[in-house]
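For reference, the chain that follows is the form predicted alone, supplied as structure tokens.
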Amino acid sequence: MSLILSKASLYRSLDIVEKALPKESPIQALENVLLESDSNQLTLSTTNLELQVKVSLPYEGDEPVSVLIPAKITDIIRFLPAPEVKLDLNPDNLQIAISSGRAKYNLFGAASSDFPRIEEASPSHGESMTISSSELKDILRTVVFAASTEETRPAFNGVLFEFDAHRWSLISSDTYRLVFKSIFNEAWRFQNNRCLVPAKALRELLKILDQEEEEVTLFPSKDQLIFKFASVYYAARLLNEKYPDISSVIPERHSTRIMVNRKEIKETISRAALLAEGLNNAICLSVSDGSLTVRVSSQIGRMEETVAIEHEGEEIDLYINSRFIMDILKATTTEAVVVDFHGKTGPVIFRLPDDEHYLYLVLPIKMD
């Protein structure tokens, strides 16, 4: 087999499938990229058994091919000097010759017999949804950050997707904070379904979603959640864990509400965080009539800054993790944020004025 491909297109495809390469695996075949071809397309595939990724490229030829290529091919293609890449596969010894400009490589391939087949699923009974890549990226960016990265809390390593007729809801939490987001679309047709999707897989998906208006089709299939867009097939294996009911932790009424300019509070919290210490990164928020005062005191020094706000309800003074606040302020681009307080020991809830179906809940820090 001999073919000439665009370096940019090939590298982009390899960079996508690389997301499912395991760092280490007892199955040696999984540490490679599977290259397959038929008469009209070339397919690159990887899997770590939790995530499956396939990318297809147009190809014309009459020689079907199936070979494992070392993962190092991604770096090789990245640094090739010319805009086109020529691949020559020797079917007898499975070696792959790569040439581009003055650079030439010869990689040792392997038989693909030990590589698990990735069969592309299709939605059953029309239960799928289509959403633009840019909108999906915005949604995931404002949800995934709150999921836990600690392996000792497997349920909280996932983001809960709930499908219900015309509604799609997402929940993520690390037990110290929580995000709840709902999206409604009359065109969606779902049976009630709950999918606990690994946050790690969603973080990798965020890296490959373009901000262009390409369409992404998303649907559950057995023990996976599938994302299909352009030439990409992205399948995340669901976590087999029970996610707790969060309805009781969201208060119905607030005692204090403020609205503040997102850019101003972000800059203020950034400055306060420079002196925040310890695992809690604690800073103090004080709300009085028309102002929010941010204070921090540590072994390094002290800082205090006041921001103008719109304010209703009681005055309040509490401590909170500065990193938790920065996460939501970085994840959204809204001009202002609404913050609801529920007493000195109750949760602090951040809302977006232009999205009534989103909330971010953070527990305050109890200080002796």
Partner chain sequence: MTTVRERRAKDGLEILLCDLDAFYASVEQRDHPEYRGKPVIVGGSPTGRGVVSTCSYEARQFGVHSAMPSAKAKQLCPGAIFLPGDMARYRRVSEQVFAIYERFTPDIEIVSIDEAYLALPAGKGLAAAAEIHRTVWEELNLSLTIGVSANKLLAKIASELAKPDRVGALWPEEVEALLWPLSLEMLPGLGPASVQKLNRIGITTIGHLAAAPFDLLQKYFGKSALTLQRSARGIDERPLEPFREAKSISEEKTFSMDLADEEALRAVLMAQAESLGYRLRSGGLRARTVSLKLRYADFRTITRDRTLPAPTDRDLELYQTAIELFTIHKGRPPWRLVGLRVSGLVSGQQISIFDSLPAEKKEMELEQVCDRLQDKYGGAVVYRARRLLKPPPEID
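Positions refer to the first chain, counted from 1. Given the structure is predicted, the values throughout are model-derived calculations rather than measurements.
This next part talks about the form predicted together with the partner chain, which is not shown.
K.L.:
Decide yes or no: are 246, 249 and 364 jointly within 4.5 Å of the partner chain in the model of the complex, with each residue judged by its heavy atoms?
P.N.:
All three within 4.5 Å in the model of the complex.
K.L.:
Among 173 to 181, 114 to 122, 266 to 274, 193 to 201, which stretch has residues whose heavy atoms lie within 4.5 Å of the partner chain in the model of the complex?
P.N.:
Result for this chain: 173 to 181.
K.L.:
May I ask you to state whether residue 280 is within 4.5 Å of the partner chain in the model of the complex, using heavy atom distances?
P.N.:
Residue 280 belongs to the contact set for the partner chain.
K.L.:
Please run the contact check for residue 25 against the partner chain in the model of the complex: heavy atoms, 4.5 angstroms, yes or no?
P.N.:
Looking in the model of the complex, residue contacts with the partner chain do not include residue 25, since no heavy atom lies within 4.5 Å.
K.L.:
With heavy atoms only and a cut-off of 4.5 Å, decide whether residue 345 touches the partner chain in the model of the complex.
P.N.:
Flag for residue 345 set to yes.
K.L.:
Is there a non-hydrogen atom of residue 330 within 4.5 angstroms of a non-hydrogen atom of the partner chain in the model of the complex?
P.N.:
So residue 330 does not count as contacting the partner chain.
K.L.:
Quick check on this chain: which one of 153, 237, 262, 137 has a heavy atom within 4.5 Å of the partner chain in the model of the complex?
P.N.:
It is 153.
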